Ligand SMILES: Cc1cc2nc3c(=O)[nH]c(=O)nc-3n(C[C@H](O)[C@H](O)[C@H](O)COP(=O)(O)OP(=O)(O)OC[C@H]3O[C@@H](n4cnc5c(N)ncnc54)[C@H](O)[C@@H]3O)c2cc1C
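Shown below, as structure tokens, is a lone chain in the form predicted alone; questions about how it binds or moves come after it.
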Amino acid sequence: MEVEMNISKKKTSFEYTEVKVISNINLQGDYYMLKVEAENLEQQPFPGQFYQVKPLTINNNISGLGRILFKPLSVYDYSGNSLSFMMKVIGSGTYDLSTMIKGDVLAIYGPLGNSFINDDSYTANLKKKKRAVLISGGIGYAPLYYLHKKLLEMDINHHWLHGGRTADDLFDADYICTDDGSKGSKGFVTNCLDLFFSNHQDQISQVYCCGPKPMMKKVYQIAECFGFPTLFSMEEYMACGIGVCLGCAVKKSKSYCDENAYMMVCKDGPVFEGKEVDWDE
């Protein structure tokens, strides 16, 4: 069966591109930065999009792992020559990716999904806005970094709040906090939102968020009280990446329900308006 995919202008049957690893660095704790060649990629990714990836070699040898499923990884950064993924080791798949070295071969297809910045009219409108707020938790930092980079390029004022369980989960941001107080302010990143939103209520015009679902639910609830529009990058496991396996379903909010009560994160997202999502599911 042939499926229309956002890889090229032609139809493809799960075709992928083989790219070589440029570097793979342990950032801290369980976090790694995997950088691969990008010269052969036909399309430029946009903030919020992702790729499905699978190692074909590890330590420059045929892996022999027999893995069928690809792993979804958000785009952390992109230039014409390289594509970077920030990942956290949480299972065998991400562990295999973390052990790849320079010269290893990665199977990759994408970019997939929608973006935080969808079209030229959206970008033009965003430039007119006063301030954007980025809120991330843990590995939710990854897709927001590429957005942060694009906002800087467009000279759009923004503020970034990031939280994690411990100092190992923290990366550069304007405001940081940890659950255990090992770095930054102690407590959840959502604990400061009421005060932050109140102090900047007349300036904030867009909220972007990615992180654990309980955190995102709280962000949406607080932002909704202030009337701020929100965009969330949903974190669900995506086995196929094109809406075939139905493994990444999220329920629509009642106000958005039609004949389809569920949305596929990979196909309909991964970026959704906060009001689209049933946060109680």
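In case it trips you up, residue 1 is the first one in the sequence shown, and so on. Values in this document were obtained by computation on a predicted structure and should not be read as measured data.
One more form of this protein exists, namely the form predicted together with this ligand; it is left out here, but the text below deals with it.
This ligand isn't shown here, but in the model of the complex which of 209, 106, 151, 87 has a heavy atom within 4.5 Å of it?
Residue within 4.5 Å of the partner: 87.
Is there a heavy atom of residue 224 no more than 4.5 Å from a heavy atom of this ligand in the model of the complex?
Residue-level check for residue 224: no, no contact with this ligand.
So in the model of the complex, does residue 37 come within 4.5 Å of this ligand, heavy atom to heavy atom?
Flag for residue 37 set to no.
My question is simply whether residue 238 lines the interface with this ligand in the model of the complex - judged by any non-hydrogen atom within 4.5 Å.
Residue 238: contacts this ligand in the model of the complex.
Contact between residue 92 and this ligand in the model of the complex at 4.5 Å, heavy atoms?
Residue 92: contacts this ligand in the model of the complex.
If contact means any heavy atom within 4.5 Å, which of 151-159, 190-198, 177-185, 69-77 contacts this ligand in the model of the complex?
Selected stretch: 69-77.
Using heavy atoms and a 4.5 Å cut-off, decide whether 33, 83 and 145 all contact this ligand in the model of the complex.
The answer is no: none of the three residues contacts the partner (heavy atom, 4.5 Å cut-off).
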